[in-house]
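One chain comes next, on its own, written out as structure tokens in the form predicted alone.
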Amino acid sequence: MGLGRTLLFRSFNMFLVLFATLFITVILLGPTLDKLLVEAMRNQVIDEINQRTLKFQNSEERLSYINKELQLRSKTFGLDQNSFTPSKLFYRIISVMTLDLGKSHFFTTDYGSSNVRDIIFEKVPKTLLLFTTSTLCVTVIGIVLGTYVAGKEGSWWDKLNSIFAIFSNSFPSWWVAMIMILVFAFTLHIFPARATPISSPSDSTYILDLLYHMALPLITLIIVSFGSWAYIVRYFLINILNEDFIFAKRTIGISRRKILYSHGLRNAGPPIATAVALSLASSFGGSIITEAVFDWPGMGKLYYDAIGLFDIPIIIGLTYISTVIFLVTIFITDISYTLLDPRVKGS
């Protein structure tokens, strides 16, 4: 299969997964969203009555007016239809895919907008900043350390790295995060306990303030992840070093160091690159707990708060954006792996 057909096939699969995810999300949350929208309209009608100081003879006449207005507006927005009507489901999915996500009931941007699209797009760069930076740092440390211990297979350094990888993966990330906050924020007073910047986004020092507050969650993510990353790199390299062509290079007198860095690491590049991309894609799913513990103002914290407040438009929007980020990352990984490793075909 050629590269063009591979791109077309992967794109089609990506669209199917995205559509299926949105379909399931809308099926599960659609009826609740309709109820919330109707309730919001009812409150809007009541507010208009109070602002216009409309007078009614009795409470029944007032209630009748509210119900008529509510019925009229519900029909205008299609809320009088069943949530599972095919046309309504299709329209809602298309609206989400085109980022027509409506307004949030509880959240606003730093500049006062309640538009769901604006709220999410304000949070996405901060999540990307934290988790992309941590993934890059962990990758560099893991490659350096993993390559070093792979060249010393069976040594104390190799055993120590394996032990640390086991321990670092045994503790939940949120538990490590709380220990880090306790030590560095409340005991040593080096970093703030909350990762939300104090300054306003309009301040000239906001970027520096944001980076300073990001330091503790970044260090925590690196500590939790770099041991397992070094072990993964070590595993890939040892498999490469046991190949026949490596033994052939040793027999002709090439130094072990050159074999390790020039041949072993280069041949282990494609699987390592794939692991990096998958780790980055999956990190957005795990960002909810990490951001909630540190109060980092990103997508994960917004997701956590939206679930607590049952803000359905935010939940649907974040599900869509998170799925898109994950699928695009996997798509780029598949294509990159095909290009990096000639042994892998488009099939």
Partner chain sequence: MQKKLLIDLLRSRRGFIGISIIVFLLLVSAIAPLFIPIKSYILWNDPDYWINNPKTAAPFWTNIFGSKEFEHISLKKNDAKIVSESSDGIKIVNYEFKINMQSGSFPDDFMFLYTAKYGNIPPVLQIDINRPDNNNFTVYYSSLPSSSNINTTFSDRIFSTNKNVKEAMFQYQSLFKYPIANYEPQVLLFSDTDKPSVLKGTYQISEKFFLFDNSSIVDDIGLILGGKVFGIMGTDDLRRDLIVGIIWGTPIALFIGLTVAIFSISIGLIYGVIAGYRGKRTDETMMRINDIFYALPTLPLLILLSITFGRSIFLIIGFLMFFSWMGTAKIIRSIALQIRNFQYVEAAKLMGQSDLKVIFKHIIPQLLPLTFASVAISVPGAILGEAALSFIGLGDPSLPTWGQLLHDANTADAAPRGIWWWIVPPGMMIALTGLAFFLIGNTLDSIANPLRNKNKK
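For clarity, every value in this text was computed on a predicted model and none was experimentally measured. Numbering follows the first chain given and starts at 1. If you superpose the two forms and keep the largest set of C-alpha atoms that fall within 1.5 Å, you have the rigid core.
Heads up, the form predicted in complex with its partner chain isn't pictured, but that's what we're talking about next.
> Since the chain is shown here on its own, which stretch among 87 to 95, 243 to 251, 104 to 112, 172 to 180 would lie within 4.5 Å of its partner chain in the predicted complex, judged by heavy atoms?
Result for this chain: 172 to 180.
> Only one of 280, 315, 33, 70 has a non-hydrogen atom within 4.5 angstroms of its partner chain in the predicted complex; which is it?
By the 4.5 Å heavy-atom cutoff, the listed residue in contact is 315.
> At 4.5 Å between heavy atoms, is residue 13 in contact with its partner chain in the predicted complex?
Residue 13: contacts its partner chain in the predicted complex.
> Verify the contact flag for residue 323: yes if a non-hydrogen atom of it lies within 4.5 Å of a non-hydrogen atom of its partner chain in the predicted complex, no if not.
Answer yes; at least one heavy atom of residue 323 falls within 4.5 Å of its partner chain in the predicted complex.
> Any chance residue 289 has a heavy atom within 4.5 Å of its partner chain in the predicted complex?
Output for residue 289 is yes: heavy atoms within 4.5 Å of its partner chain.
> Determine whether any heavy atom of residue 166 comes within 4.5 Å of a heavy atom of its partner chain in the predicted complex, and answer yes or no.
So residue 166 counts as contacting its partner chain.
> In the predicted complex, do 307, 310 and 327 all reach within 4.5 Å of its partner chain through at least one heavy atom apiece?
Spot residues vs its partner chain: full contact, yes.
> Pick out the residues of 23 to 48 whose heavy atoms come within 4.5 Å of its partner chain in the predicted complex.
The stretch 23 to 48, when checked against its partner chain in the predicted complex, contributes 24, 25, 28, 29 at the 4.5 Å heavy-atom cut-off.
> Please determine whether the C-alpha atom of residue 25 is displaced by 2 Å or more between the shown form and the other one following superposition on the rigid core.
Comparing the forms between the shown form and the other one, which are aligned on their rigid core, residue 25 does not shift its C-alpha by 2 Å or more.
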